[in-house]
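Just the one chain here, the form predicted on its own, laid out as structure tokens.
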Amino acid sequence: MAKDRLAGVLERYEAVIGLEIHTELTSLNSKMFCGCPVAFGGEPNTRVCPVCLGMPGALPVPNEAAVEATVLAGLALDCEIAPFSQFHRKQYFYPDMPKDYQISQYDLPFCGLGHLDIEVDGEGAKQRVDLDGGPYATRIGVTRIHLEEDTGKMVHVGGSEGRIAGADHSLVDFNRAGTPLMELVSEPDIRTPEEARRFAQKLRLIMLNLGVSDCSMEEGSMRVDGNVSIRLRGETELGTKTEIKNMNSFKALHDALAFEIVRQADVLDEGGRIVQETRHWDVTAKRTSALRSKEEAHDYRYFPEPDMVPFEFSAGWIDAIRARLPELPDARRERFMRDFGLSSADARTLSEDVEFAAFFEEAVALAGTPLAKPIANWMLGDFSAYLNAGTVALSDAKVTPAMLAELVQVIDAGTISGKQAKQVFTEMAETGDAPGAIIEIRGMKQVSDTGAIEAAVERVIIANPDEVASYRAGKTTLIGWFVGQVMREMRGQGNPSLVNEILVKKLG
């Protein structure tokens, strides 16, 4: 319902949205300040030590790789890297933090003042630019990226299906506590739920390309909180914001923001006022609900972490990290368009996934650049349908880049027709056999011998005098029927283009 009403609300109100995105650095082998392994799940409280359990006298040692990964992410988002930064203690008392404070960063984060460009089409376009549902691009500022340690996980049991309000008791699993956690805070530049979704999706792609995290929202290694307020269009003063939590998918992010925008509009339209609070997104009910009130500012009593010295990054060290930047999705898309002549949409789809892009480029390298477009068509069509239908991971697919390159080559050479190629592909995907072997075994090799085709055409013409007369009398649409008869005569192995060409000549 909120999604249906959103467009009408955004005609009168402007939404102001900022995101806080936490990304666990799951690609690292150890936690932020100790040597305990980083992994999802497992028996509770089995990946812990005195440091991540906050035992007296245990001293933290910062994970160098986590610092480098955070700076790498900042460089990917065109952030300024602080030459001087440090960790702080963030004081708060909650059972998921065994030390009663979290080692985080306060006023001296590693990265700041970056941006991320997103492209949006459809929903929300009218609210951003003078277009009616058309595509547009916009730049979203990145306020900061800082590094901290993750908290433990609370498990509320008993009562009303484990909900906090009805739980009999709570348990704590500290396996996650101390995991390197990178937090990105965006500027309040986002204006629609769709922009928020595109921002989070693109950030995830970048992190995957950097190889710093698996970014699994289902497992909690990427978590998104949204801050949203609304104001009448034309106004400049910000409205009272609410923070939304428990958005564990991109769809949930979109739907929660859409609901909250409509809810706030209803409150204001009825003469009420928005209360600054944290709200919980209920996926089942598809609505937000008040979780806890929020003061104007938290007093976390930050102070510099006394057990660690500040960080000083030299220009040479930052340049060395910059040299590790891989080709990012936007640059890869531009290259695919430039070098392979692909459309913007096809290049975007192929470039977004690192493995998919590598598969495509390997196939093109084997088949030759002139066949890049056909390879792209197969990958975005039949190959993607095969992966999606069987939920097959690309790494587990029986079709290899070499096989796809060979298939496109035999089609280009006229060895088999496009229709036969689909049959060959289906068998490739099922058996893992190469196209040439399948064509040979099934006797599918296309006949391009003009003499053989002419003989078959003559037989069809002699056998069907009435149809020949109709064609010559002006019913030229019969050409397709004649092609079918010749192909049947040749057991499907005639070259269709040659068959058509010779038929037109003979019938004329």
Partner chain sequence: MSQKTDLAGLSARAIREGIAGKRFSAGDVVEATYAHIDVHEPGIHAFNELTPDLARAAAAHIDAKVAAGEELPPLAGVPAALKDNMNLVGTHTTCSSRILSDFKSPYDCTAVRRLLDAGALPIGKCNMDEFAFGSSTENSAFGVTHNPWDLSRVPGGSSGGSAAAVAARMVTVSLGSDTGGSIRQPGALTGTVAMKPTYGRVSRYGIVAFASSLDQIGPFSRSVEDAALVLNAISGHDDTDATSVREPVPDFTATLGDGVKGLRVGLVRDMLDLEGCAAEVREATEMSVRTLESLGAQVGEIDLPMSQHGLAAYYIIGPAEASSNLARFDGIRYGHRVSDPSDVVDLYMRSRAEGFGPETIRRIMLGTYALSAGYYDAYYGTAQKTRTLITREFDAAFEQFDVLVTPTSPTVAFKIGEKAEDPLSMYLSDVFTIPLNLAGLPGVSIPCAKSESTGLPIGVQIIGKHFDEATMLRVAAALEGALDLDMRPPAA
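All figures in this text were calculated on a predicted structure; none of them were measured in a lab. Positions refer to the first chain, counted from 1.
There is another form of the same protein, the form predicted in complex with its partner chain; it is not shown, and what comes next is about it.
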{"property": "Region of this chain that lies against its partner chain in the predicted bound form, out of 44-52, 453-461, 466-474, 479-487 [heavy atom, 4.5 Å]", "result": "44-52"}
{"property": "Contact residue in the predicted bound form, from R287, R263, R89, R335 (heavy atom within 4.5 Å of its partner chain)", "result": "R89"}
{"property": "Residue among F174, F359, F199, F425 with a heavy atom within 4.5 Å of its partner chain in the predicted bound form", "result": "F174"}
{"property": "Partner contact for V61 in the predicted bound form: its partner chain, 4.5 angstroms, heavy atom", "result": "yes"}
{"property": "Proximity of R301 to its partner chain in the predicted bound form, heavy atoms at 4.5 Å", "result": "yes"}
{"property": "Interface membership of M308, its partner chain in the predicted bound form, 4.5 Å heavy atom rule", "result": "yes"}
{"property": "Contact of Y386 with its partner chain in the predicted bound form (heavy atom, 4.5 Å)", "result": "no"}
{"property": "Heavy atom within 4.5 Å of its partner chain in the predicted bound form - qualifying residues of 72-96", "result": "R89, Q91, F93, Y94, P95"}
